[in-house]
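Take a look at this single chain in structure tokens; it is the form predicted alone.
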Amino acid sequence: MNGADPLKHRLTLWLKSEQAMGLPSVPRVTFSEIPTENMSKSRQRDIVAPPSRSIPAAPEPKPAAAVSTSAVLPLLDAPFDSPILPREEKIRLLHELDLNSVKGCIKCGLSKTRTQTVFGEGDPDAPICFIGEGPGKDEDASGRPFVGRAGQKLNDMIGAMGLKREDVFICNIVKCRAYLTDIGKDRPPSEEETLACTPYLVRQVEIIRPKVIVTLGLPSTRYLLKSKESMTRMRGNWYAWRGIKVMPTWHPAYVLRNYTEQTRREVWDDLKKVLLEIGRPIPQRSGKQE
């Protein structure tokens, strides 16, 4: 970044992202108000997430005491404080988010190469939300998440839990396919693309309010947990994001590439923990793991 302050660069991208969504609550902050030079690295990492947007509108706030400029933006792990909504209201808000914001989004360059956006699908009252990295070729063509080979494996994983695809919610960090246009090969979304798109994801999760998020693979796990740990270290352990429990596990594509008994057993162990957390019985399974 040619010597530029990396935190200010991330804040610039976040502010542009929020303003592009037309949100009146975006704080009017100048970077001179945020003394990053003398701020600890742990504190800098805290100032990276967009604020939750309560629904319905919160009552008029009481006068508050002055706060330090380092607390202008909320902490990443601040729980959602908006009320849990009725099913019909969730359906309406998700539909409006997709129709009015996601489908026509031009906040990053992926809008120029996509066939269509991939919002996500499933039960708005789902106790479990599966979050992957982004759509691939099949998803870009269909407009639905996880419909290729990896999607079939995810269906198997969900089925092994005694659930159907319609019982959970499935989405991705970014809503448009990121790929190398010259060779047509998928690639990870860039930091700029991720920061531009993830306010949509945050809003989706706030509306759905699942009991558990299952992150599929390293990119989605690192985005939510802001960790540089390896997937081997993180998978199978409980974490929390915005007041919601998070269980990282292997991406279905990784399972297909490393189709060993150990990998399949690890995924199943992770999913059993999720079932126990949401209060569902663990189905009896015979033979090898899926």
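Since the structure is predicted, the reported quantities are computational estimates derived from the model, not experimental observations. Sequential numbering from 1, following the sequence displayed.
The next section is about a form of this same protein that is not shown, the form predicted together with a small molecule.
- Of the stretches 156 to 164, 92 to 100, 121 to 129, 142 to 150, only 142 to 150 has residues with a heavy atom within 4.5 Å of the small molecule in the model of the complex.
- In the model of the complex, none of the heavy atoms of P210 sits within 4.5 Å of a heavy atom of the small molecule.
- In the model of the complex, the small molecule lies within 4.5 Å of some heavy atom of N172.
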